[in-house]
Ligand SMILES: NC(=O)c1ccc[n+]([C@@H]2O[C@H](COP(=O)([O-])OP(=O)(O)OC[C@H]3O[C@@H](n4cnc5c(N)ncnc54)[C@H](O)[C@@H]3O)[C@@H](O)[C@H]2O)c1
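Only one chain is given next, in structure tokens, and it is the form predicted alone.
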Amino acid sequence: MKILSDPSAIEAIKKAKNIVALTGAGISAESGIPTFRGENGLWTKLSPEELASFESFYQNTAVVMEWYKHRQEVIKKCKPNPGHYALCELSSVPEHFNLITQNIDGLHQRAGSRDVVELHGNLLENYCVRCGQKYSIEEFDDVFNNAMNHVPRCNCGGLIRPNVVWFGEALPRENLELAYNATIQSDVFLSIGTSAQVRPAADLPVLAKQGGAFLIEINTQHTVLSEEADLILQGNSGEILPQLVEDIKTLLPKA
């Protein structure tokens, strides 16, 4: 069964040279990673101020790092789903393709995607707040397990933190610029599994639409973006994306 039956969507994709995909927590949830918002979201159970700010990290380092260590273990056990693999396949179809994600789990890269623009960082990376030394997940495990009271410190004595964007922190400037530049050049923009509530990522699909891109939303439920979307595909991205990519491949010559 074809996903693309809308004539305007078919025409837009036929003309497309630049396709951009923005992914949110929904695609990761299908791999077993809890979302932050929604009925069973993490922030319905835990206060973000207690776990996702530099102030809380500095004042309650052991508690915060034990929480993030737990999340790292969850992520390591999860695997990419068909939606992740479909986006990897899509990258070779249009003339230009950009994958932007709000997720911090690295599942797109594990599915084979390259040059992923990570807006909120990567939980499987860590660095020292004093000297900036980077720690792989394996290196961090060693430091964490041997740290007194689970307070991981670098050789320089600085605290080691996860490479994620916390509340009150700015997004990585280079990645944000890459995301904006790709968005304003997009002909087709896919908003996948995102609540469209977290700025500045939530601004990207609106910016794409304002620039003339055909906006497709893929989500299990309507969002604040739904009224702006040119086409809404409601359901699991792991089911919709593989078929959508097959449809797009029939409309676009492989680059």
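In this text, residue numbers run from 1 along the sequence as written. It should be emphasised that the depicted structure is a prediction, and the values quoted were computed from it without experimental measurement.
As for the form predicted in complex with the named molecule, it is not shown, yet the points below apply to it.
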(Q) Using a 4.5 angstroms cut-off on non-hydrogen atoms, would Q210 count as touching the named molecule in the predicted complex? (A) no
Q) Is there a heavy atom of E118 no more than 4.5 Å from a heavy atom of the named molecule in the predicted complex? A) no
Q: Mark A25 yes when one of its heavy atoms lies within 4.5 Å of a heavy atom of the named molecule in the predicted complex, and no otherwise.
A: yes
**Q.** Contact label in the predicted complex: Q221 to the named molecule, heavy atom within 4.5 Å
**A.** yes
Q: Decide if the three candidate residues I13, S91 and S186 all line the named molecule in the predicted complex, where lining means a heavy atom within 4.5 Å.
A: no
Q.
I need the one stretch from 150-158, 134-142, 103-111, 177-185 whose residues put non-hydrogen atoms within 4.5 angstroms of the named molecule in the predicted complex.
A. 103-111
Q | Of I33, M65, L215, L225, the one that lies within 4.5 Å of the named molecule in the predicted complex (heavy atoms) | A | I33
(Q) Using a 4.5 Å cut-off on any heavy atom, which residues of 192-213 would contact the named molecule in the predicted complex? (A) G193, T194, S195, A196, V198
